[in-house]
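This document opens with one chain alone, in C-alpha cells, the form predicted on its own.
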C-alpha cells in the first residue's frame, strides 16, 4: 500500500491499493486519513433491454453504507459520482453495454464524497476503461472564523458552517461537479474552488506515483 503525506498542502495521508479483489474487472481501496472506501468496477457487460442506450454504455453507481440499507444521502452521493464518471469515461466506445461501479464504505471520518470519487477513479483505471481524463475529489470546510480547511475530518465538518466537495479534472483542473452544504458567500466559494484546484495537483501526483510503483513491481 502506498502512502503519501505532504506538509505543503494540508491534506491527510493517502493510501491506495489496486486489484485487491479477484472477481471485478477493476478494484481499488482508497484511504484518506481514517476515511476508507472500497471500489469495484464491472464491465463492459450485457445490459438489460430496458436500460439499453444505442450510442453509449449505461453506467450504474451503487454506494453501500457500512451498515443498513442505502438512504437518501447515499442516493445523492451516487448521482454526484455517476455524473463525474460519465463526464470522464468514453462511453460511446461501448454502445449497448453496461458498466457498474460499486462503492463500499469501510469507515467515515469526514470528506467521504471526495474519497468515493478518488476510489472510483482508481477502480476505473484498474479496470482499463477508456477515459478522456482522470478526476479527483477534494472537500473543503469553512469554520466559524471563516478559515478554509481542506480534507476535513468528521469532527471538523460538524463544527463548520459550510462543507463543499468538488470533482476536479486532470486535464485543465476545471470543476466537473460540486456538492455544497451550509451558508457561504460567493467569494468564499471562489476561494474554496481555488484551494481545491491546488490540492488536486497533489492528489493527481499521488495517482501517478501509486500506479508507477505498482507497475514497476510487475516489470
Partner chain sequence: MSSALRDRTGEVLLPGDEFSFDTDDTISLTGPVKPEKVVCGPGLRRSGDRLLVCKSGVLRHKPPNMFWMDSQQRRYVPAKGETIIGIVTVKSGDVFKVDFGGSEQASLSYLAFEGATKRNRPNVQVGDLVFSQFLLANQDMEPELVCVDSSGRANGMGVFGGGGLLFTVSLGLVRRLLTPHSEILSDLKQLFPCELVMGMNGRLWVKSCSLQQTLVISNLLQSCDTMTAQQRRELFRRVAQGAL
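Positions refer to the first chain, counted from 1. Everything quoted here is computed from the prediction, not taken from an experiment.
The protein also exists as the form predicted in complex with the partner chain; that form is not presented, and the subsequent description refers to it.
Residue contact check for residue 128: one or more of its heavy atoms lie within 4.5 Å of the partner chain in the model of the complex. With a 4.5 Å cutoff on heavy atoms, residue 90 counts as touching the partner chain in the model of the complex. At the 4.5 Å threshold, heavy atoms of residue 82 stay clear of the partner chain in the model of the complex, well away from it. Among heavy atoms of residue 44, some come within 4.5 Å of the partner chain in the model of the complex. You can rule out all but one of 23-31, 185-193, 160-168, 146-154: in the model of the complex, only 23-31 has residues with a heavy atom within 4.5 Å of the partner chain.
Residues from 184-212 that approach the partner chain in the model of the complex with a non-hydrogen atom closer than or equal to 4.5 Å are 207, 208, 211, 212, in the order they occur in the chain.
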